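Listed next as structure tokens is one chain, alone, in the form predicted on its own.
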């Protein structure tokens, strides 16, 4: 059997597009053949005549014939993505990178700290954890957004609240008259938790500034550096470690990550830029 061609995209049909916020949309894709990926890995999406860009799936890796991508409009390719209406054919290369080592999280309490479009890869992770929910002591989910309207996956939250081992907390920087949850940056949610900080697993994903201060707060509270997992999706381009755009010290984010523990990268300069 011939080896997989890592340069050749697989065709996916764009079934529909859902607006999550004014700047973020989720793209629902169906594959011509089963497509396997692990939570935390990413794919390269090709739009004919436009180019390609890396995105982390926001859907469950247990679903092989469909995939969801949640994309923030932030550049040339993402702008073209946001113009799609459904019915188009997209190319998908991958998956690439190393994802979350979920088996290392068994029998541990977990904190997931996320904000903005960082909820996309975290959603994929949460789907994976819920498939084996009884293998984790507790799954604490702390999500933040600028306003209530800026939350992705609004219809998903009631489902999470029904889960026995899930503890969901949310915060916003600026509330409206209907908001009755926490107001403040997402790190304030950590102060509401009663956990064994030295022995839990923490996962952080979001804008760089949020990841920086989220990590610093976790360290202050007693989290171990090797137990803090960061999704460092920065400057990735080719997905193969060839172009060098995502070099971070001795690592290529696309090949050696995008998931790293804090102790792996803490001494590299400018990791939050």
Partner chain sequence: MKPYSIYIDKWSQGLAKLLQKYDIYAPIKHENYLDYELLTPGSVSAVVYNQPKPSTPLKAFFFPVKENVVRETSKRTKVVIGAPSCDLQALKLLDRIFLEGEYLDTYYQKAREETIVIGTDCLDIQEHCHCTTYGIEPYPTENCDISLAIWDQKVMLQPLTAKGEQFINELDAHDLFHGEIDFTDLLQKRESVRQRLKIHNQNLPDNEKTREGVIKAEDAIWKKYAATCVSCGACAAICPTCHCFLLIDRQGFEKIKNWDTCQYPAFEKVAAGEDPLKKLYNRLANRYFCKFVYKPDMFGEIACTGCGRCIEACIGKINKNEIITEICQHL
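Positions refer to the first chain, counted from 1. Just so it is clear, the structure is predicted and the values come from calculations on it, not from any experiment.
Only in words, not in the display: the form predicted together with the partner chain, which the text now covers.
The partner chain is not drawn, but in the predicted complex it has no heavy atom within 4.5 Å of residue 260. The partner chain is not shown here, and in the predicted complex it never comes within 4.5 Å of any heavy atom of residue 136.
A residue is said to contact a partner when one of its heavy atoms sits within 4.5 Å of a partner heavy atom; residue 65 fails this definition for the partner chain in the predicted complex, lying far away. The partner chain in the predicted complex comes within 4.5 Å of a heavy atom belonging to residue 238. Within 4.5 Å of the partner chain in the predicted complex, a heavy atom is found for every one of 6, 74 and 242.
Listed stretches are 218-226, 43-51, 24-32, 56-64; the contact stretch with the partner chain in the predicted complex is 43-51, by a heavy atom cutoff of 4.5 Å.
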